[in-house]
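Let's start with one chain on its own, the form predicted alone, as structure tokens.
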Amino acid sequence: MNRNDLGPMAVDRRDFLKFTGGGIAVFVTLKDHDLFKEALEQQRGYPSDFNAYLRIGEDGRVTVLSGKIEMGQGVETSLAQEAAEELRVPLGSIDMVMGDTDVCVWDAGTWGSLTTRVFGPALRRAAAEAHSVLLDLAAERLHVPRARLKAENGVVTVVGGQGRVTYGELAKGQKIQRTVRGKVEPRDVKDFTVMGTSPKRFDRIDKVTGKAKYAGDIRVPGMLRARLLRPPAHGATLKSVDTKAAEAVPGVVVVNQDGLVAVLHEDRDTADRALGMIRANWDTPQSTVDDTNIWSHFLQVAPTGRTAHEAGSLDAGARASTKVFEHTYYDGYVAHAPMEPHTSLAHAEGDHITVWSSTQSPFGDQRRIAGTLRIDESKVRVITPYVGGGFGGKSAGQQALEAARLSWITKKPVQVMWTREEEFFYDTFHAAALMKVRSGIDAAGKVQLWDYNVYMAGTRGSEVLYDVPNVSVVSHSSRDAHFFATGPWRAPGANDNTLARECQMDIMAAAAGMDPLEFRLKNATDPRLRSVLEAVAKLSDWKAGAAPTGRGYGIACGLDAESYVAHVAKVAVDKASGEVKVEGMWCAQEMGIVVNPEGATMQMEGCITQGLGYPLMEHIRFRGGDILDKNFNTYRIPRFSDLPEIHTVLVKNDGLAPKGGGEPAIVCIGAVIANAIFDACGSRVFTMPFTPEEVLAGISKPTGA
């Protein structure tokens, strides 16, 4: 079964066994397992009925159904590896069906590097139970004790004797439902044959040949292309609208209902032309807040802080410190800028609606669409084809709501595909933030004080990581502080908190006259943290020396999605212009058991590539609710010419279950580049992106200021 073969028919999960025909069905109940307590904590509302579902067909093929989606991160392949490992079947016998709300088990969404570390354990345990069920059936079929049986490549054989039976033969004509209750344990790492390898990706041929379907590639007979009337700025309200000229265009359908104004036509260019004929008057609020003074605004409107971590006494820490350092770090808004703009196709038929959507949250879209249309969720089917980049930005699903409303009103299939300008305007941006740090060291170079306040970034990545006895971490966050929507952006907030912590550590190291790696190791006993620091030092051939050495090397480390990561960067700084060029990046990551080493490496390289943008060039300019950057002519993302040599290493730790790999390697990029800039020229930079003007300003200040 191909992921694109599921048509627009609606299938209730209670009828799924009828849909799949013969086979062995294995269900996993989250509430029965201590293993899944973390899943329940991290994905509030995860249903307690099924977390993973496997179907072993009469032909011996295995269909894995997952509410997760594939957006380039490679989980279509790695999840299949986990299932194949536990079932003892060839990887090529696995078919993946993902992100279809009618046939897949509910999932909160694909984000937070949760697929491998939360859904993966449930899938493995279900596959292990299926393997156990098959051995029981084979024992009955072959009339031998189960202990004498072995399963391999989808075939059960009698060890040291005669007799064999395939999975397909065992499953034929049977429907067996089992609830996993922890009786069967997944395979030990030493026995792995599929996990820990790097097979060719399932999606490689379809994507290279153009066969892969994205939401914009889906076609339904009679489909209309929609263009929506957009406000000139966030917060603007429509005072009046004249659609008469657009209505006169042959074949154009105009919708003007409950604030939704759109023109629809079979031809996109005609719809574009008709949209330009609409005359609208807007009431646009005025504001003096822009991208240059947003941080002052934050301090004025910030709520009372929430303490995220506290230990010891700040007063005691200050008394124990011979040197105290106070600095503020700043970051602006950043766009996701995915290759594929937000797109959805909705097809209303009777009292049901099917929506194909580029979304990270098909079940979230289903809930929102049902609520908007005031129908039961069972009447809304969301299918997620391949997604062309998400990075957290395809979680809100606004385009799915727009397409669903228009199709419901017109009773026609309607596709909404945002233009690049709409993509930038309606993006849920990475939130601007500021971080205030007061820290102190004693005469021996031990950190004694950490007083940390973060505004609007949240606490992800705010762990101190180091051995500091006197700590206070306080978060001040409010969605109302922003003039437009903000949302998750690749480990949301962690890059800001990591910037503040790792730059502050470098400042203290320089003041102590210590090498920045030596200073970190002196203040760290966490073995996982030390392992990545030591690994990246070896990988980069780190040369010890107190910064600034003039060589342009920086180091930083972080923790995200339960994975530890450390980076070294080499930069060149033009002291006349302030231009920064990254010449080399080294990264070490420890993420427990690695399901797919090549896939994990690609994720690290992708994080580094995208990560070069936010500290060096990416910055949304705005004035109140007016977004000033609406295309790539003014908003710059990293190009191939910007990329340095990238070197990576995965630090082995098979004693831990697989941890997240989609985001950890991006969180340190700002910090490691800032520290490398200081080592190159003595310029301390505190505001991302690090513009040439800021680099030059830092050069003019005393070293380490």
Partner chain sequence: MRATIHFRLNGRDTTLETDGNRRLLWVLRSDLGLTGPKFGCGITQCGACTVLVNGNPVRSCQYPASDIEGTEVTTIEGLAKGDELHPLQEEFADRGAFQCGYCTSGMILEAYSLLQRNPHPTRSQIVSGMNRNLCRCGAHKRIVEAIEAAAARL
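Residue numbers count along the first chain shown, from 1. These numbers come from a predicted model, not from an experiment.
There is another form of this protein, the form predicted together with the partner chain, and it is not shown here; the text below is about that form.
Chemist: If we take heavy atoms and a 4.5 Å cut-off, which stretch out of 142-150, 184-192, 587-595, 624-632 is in contact with the partner chain in the predicted bound form?
Modeler: Of the stretches listed, the one contacting the partner is 624-632.
Chemist: So in the predicted bound form, does A212 come within 4.5 Å of the partner chain, heavy atom to heavy atom?
Modeler: Yes.
Chemist: Using a 4.5 Å heavy atom cut-off, state whether T419 contacts the partner chain in the predicted bound form.
Modeler: Answer yes; at least one heavy atom of T419 falls within 4.5 Å of the partner chain in the predicted bound form.
Chemist: Mark K239 yes when one of its heavy atoms lies within 4.5 Å of a heavy atom of the partner chain in the predicted bound form, and no otherwise.
Modeler: No, no contact at 4.5 Å.
Chemist: Using a 4.5 angstroms cut-off on non-hydrogen atoms, would Y553 count as touching the partner chain in the predicted bound form?
Modeler: Y553: no, not in contact with the partner chain in the predicted bound form.
Chemist: Name the single residue among A444, A576, M339, V159 that comes within 4.5 Å of the partner chain in the predicted bound form, judging by heavy atoms.
Modeler: Contact with the partner chain in the predicted bound form is made by M339 alone.
Chemist: Among Q610, S93, Q448, S113, which has at least one heavy atom within 4.5 Å of the partner chain in the predicted bound form?
Modeler: The residue in contact is Q610.
Chemist: Are there residues in 604-630 with a heavy atom within 4.5 Å of the partner chain in the predicted bound form, and which are they, in order?
Modeler: If the 4.5 Å heavy-atom criterion is applied to the partner chain in the predicted bound form, 604-630 yields E605, G606, T609, Q610, E618.
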